[in-house]
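Here we start with a single chain on its own, the form predicted alone, put down as structure tokens.
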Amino acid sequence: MDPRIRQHASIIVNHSVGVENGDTVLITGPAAAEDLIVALNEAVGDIGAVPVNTLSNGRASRAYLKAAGADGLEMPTHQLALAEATDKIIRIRGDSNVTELSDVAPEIVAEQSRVNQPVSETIMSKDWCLTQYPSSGNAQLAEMSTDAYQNFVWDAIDKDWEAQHDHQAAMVERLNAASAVRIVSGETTDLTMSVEGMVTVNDDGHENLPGGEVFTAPVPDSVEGEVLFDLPLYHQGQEVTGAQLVFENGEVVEHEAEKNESVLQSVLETDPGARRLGELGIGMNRDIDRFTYNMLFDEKMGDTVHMAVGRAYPETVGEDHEPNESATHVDMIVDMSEDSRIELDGEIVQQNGTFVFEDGFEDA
């Protein structure tokens, strides 16, 4: 076994979810990630915790969704019971075919999000981690060889997370002190929102591995303006390009996309909360320097901003605010590397992808 796989498992168990003696640990992943699943079971056993393993399978999911249809989907009570009875939850991605769900109707996928909402909310109430195994399907989507993609994934995961936390802390401090955020990129994006009273999270490789962003929740009815997500979204096996949203009083009032607009529309029609922003995230991981059609990595790039329509993470919502609730949470990315800036209360804190506390800001 590649020693980097055991290192990956060690980071998950000891850093990301903090497994302790006596914990029950749910490990879910595809067959392609068998080596990482084995390494995780070794690491969990060494600590004295008890693993429970479940297999994710894209072909099986497709078969069920197409057979059941939107009207036949029901909340999986057995999955809910398992999540409720588990202390730590580890979810692994790794595709042999990234387009497996591409012929499942978007409205069926949206309905699955709705019926699974109690399970998703229970998982998020636990210590959990979502990570990536460098499978051949994801390498192909990233237009990389398998070896190159393995290096890319493990280099992004095996890093000094304490140093990354310290690097991001400067942005966390600024966002927590701010009231108003403005995102400007070229002539296609000019969006304002309030984050007053919200909480900024320093993502240093816990719930997401790799980490490398800071994120918060906008006040739901405060978002105004328009945004063009100029990097593609790969959602449920389909590529959405040129997604553009117009907000008034926090709600999407206009939307369009150059490709697969029906996928974008199905996301927005999931429920009322899907037309509002649940997250504003700022990428800060300089070791992720290329786009790979994988949101777990792409949203962490150091010259990007991402926003998610739908559910807000509870830890980002201040005590005096109600969270934006939705069965979905879909991130989309704005390239901030050129002709772009982030303003906090009128002060520019990032321009052309360089932060005010980084070398070269004045020349960016």
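In case it trips you up, residue 1 is the first one in the sequence shown, and so on. The model shown is predicted, which means the values in this text are computed figures rather than measured ones.
Just so it is clear, the following notes concern the form predicted together with another copy of the chain, a form of the same protein that is not shown.
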One stretch from 274 to 282, 70 to 78, 103 to 111, 160 to 168 that, in the predicted bound form, holds residues within 4.5 Å of another copy of the chain by heavy atom: 70 to 78
One residue of A148, V253, A177, A85 in contact with another copy of the chain, assessed in the predicted bound form (non-hydrogen atom, 4.5 angstroms): A85
E34: touches another copy of the chain in the predicted bound form, heavy atom cutoff 4.5 angstroms: yes
is_contact(P314, another copy of the chain) in the predicted bound form, heavy atom dist at most 4.5 Å: no
4.5 Å heavy atom contact, T354 and another copy of the chain in the predicted bound form: no
Non-hydrogen atom contact E42 with another copy of the chain in the predicted bound form at 4.5 angstroms: yes
Neighbours of another copy of the chain in the predicted bound form among 50 to 65 [non-hydrogen atom within 4.5 angstroms]: V50, P51, V52, N53, T54, L55, N57, R59, A60, A63, Y64
